[in-house]
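Have a look below at one chain only, the form predicted on its own, in structure tokens format.
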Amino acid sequence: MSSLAPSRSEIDTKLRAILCDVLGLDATQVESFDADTGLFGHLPELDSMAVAGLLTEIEDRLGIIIEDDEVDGEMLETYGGLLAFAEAKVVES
């Protein structure tokens, strides 16, 4: 019996936890993020050095592989963009 892919809600919850853990953000702040909340270029904690750690943690916790050529500014620009990317990768795997 194969396990079901995580739901959108489960991915959203995991992604918010990853942002808190990797970037040291306050849970209350992250809970207020919506699809249009700016990430890269908007959160001082998410600089170019933090991106690698963030992506590695997303891979580990969601059980996906993120190829270098899939990483672009658009996926990291907003919370909605990152969530949509993560959901698509989970469906692929």
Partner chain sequence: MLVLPAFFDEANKLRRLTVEVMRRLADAGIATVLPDLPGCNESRQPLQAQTLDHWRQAARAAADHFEASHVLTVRAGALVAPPEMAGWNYAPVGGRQVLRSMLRARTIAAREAGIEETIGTLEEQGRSEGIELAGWTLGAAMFRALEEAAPAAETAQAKIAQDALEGGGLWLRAEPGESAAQADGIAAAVAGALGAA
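All values derive from a computational prediction rather than experimental measurement. Positions refer to the first chain, counted from 1.
In what follows, reference is made to the form predicted together with the partner chain, a form of this protein that is not presented.
Contact check for residue 31: no non-hydrogen atom falls within 4.5 Å of the partner chain in the predicted complex.
Contact check for residue 84: every heavy atom lies farther than 4.5 Å from the partner chain in the predicted complex. With a 4.5 Å cutoff on heavy atoms, residue 52 counts as touching the partner chain in the predicted complex. In the predicted complex, residue 27 stays away from the partner chain, with no heavy atom inside 4.5 Å.
Heavy atoms closer than or equal to 4.5 Å to the partner chain in the predicted complex belong, across 61 to 92, to the residues 61, 65, 66, 68, 71, ordered by sequence position.
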